[in-house]
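A single chain comes next, written as structure tokens; it is the form predicted alone.
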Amino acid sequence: MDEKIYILIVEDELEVMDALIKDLEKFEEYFPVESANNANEAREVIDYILDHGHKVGLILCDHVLPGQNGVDLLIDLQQIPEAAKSKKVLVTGQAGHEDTILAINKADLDHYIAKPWTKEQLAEVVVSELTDYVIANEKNLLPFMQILDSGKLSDAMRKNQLTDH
């Protein structure tokens, strides 16, 4: 796997960022984790990842950020074809009902996690979203069997074999 699929965390609170990174440790062998403290830094990280031939499979984004908020960042990322494919999860305790609806309708939001989260809840969402991402964007699913939803990956491989003829 020369091409890497990254997880990007966009969070301005260092304690929250550290907690997210710690809770994602088990994924890092398969999905390197990058972080950004605000929307501008997130764009720079995404540009760097894409410019080096890698992908961003999952974006975990806080809503309240200095400068541009998380929902507006996720909406803007829909304009970048490779970033638009990324699974997007809003991890926040402060997005209002209207912000959340805007994120779902305009940013193609895949999931919403309310703070505080549990490690198990976060892992479940990450497995689910990255499984869907690799099924939609990767030809070889075998490298992900150990870390993602192996049942869903097996079903996708069987379906691909049936349609490859």
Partner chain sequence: MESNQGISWLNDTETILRFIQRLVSELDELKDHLLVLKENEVLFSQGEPLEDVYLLLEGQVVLTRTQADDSEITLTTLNPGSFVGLIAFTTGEPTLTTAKITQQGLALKMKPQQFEQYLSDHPRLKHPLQQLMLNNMIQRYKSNIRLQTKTHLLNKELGKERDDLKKAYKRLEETHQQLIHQEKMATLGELVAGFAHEVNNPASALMRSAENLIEIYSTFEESDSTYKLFKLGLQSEPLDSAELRKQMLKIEKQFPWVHERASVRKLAQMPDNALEVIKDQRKKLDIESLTNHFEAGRMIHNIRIASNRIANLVKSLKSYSRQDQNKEEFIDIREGIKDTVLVLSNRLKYVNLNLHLNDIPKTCVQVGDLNQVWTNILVNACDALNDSGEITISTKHSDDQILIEITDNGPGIPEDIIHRIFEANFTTKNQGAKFGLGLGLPISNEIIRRSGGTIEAKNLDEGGASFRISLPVKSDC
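Positions refer to the first chain, counted from 1. Predicted, not measured: the structure shown is a model, and the values here were computed from it.
The form predicted in complex with its partner chain is left out here; the points below concern that form.
Can you tell me which of 116-124, 25-33, 131-139, 103-111 lies within 4.5 Å of its partner chain in the predicted bound form, counting heavy atoms only? This holds for exactly one stretch, 25-33.
Taking the shortest heavy atom distance, is V64 within 4.5 Å of its partner chain in the predicted bound form? The answer is yes: V64 has a heavy atom within 4.5 Å of its partner chain.
Check V45 for me: does it contact its partner chain in the predicted bound form (non-hydrogen atoms, 4.5 angstroms)? Close contact exists here: in the predicted bound form, V45 approaches its partner chain to within 4.5 Å, heavy atoms only.
According to a 4.5 angstroms non-hydrogen atom cut-off, is I21 in contact with its partner chain in the predicted bound form? I21: contacts its partner chain in the predicted bound form.
Report yes if any heavy atom of E13 sits within 4.5 Å of a heavy atom of its partner chain in the predicted bound form; otherwise report no. Residue-level check for E13: yes, a contact with its partner chain.
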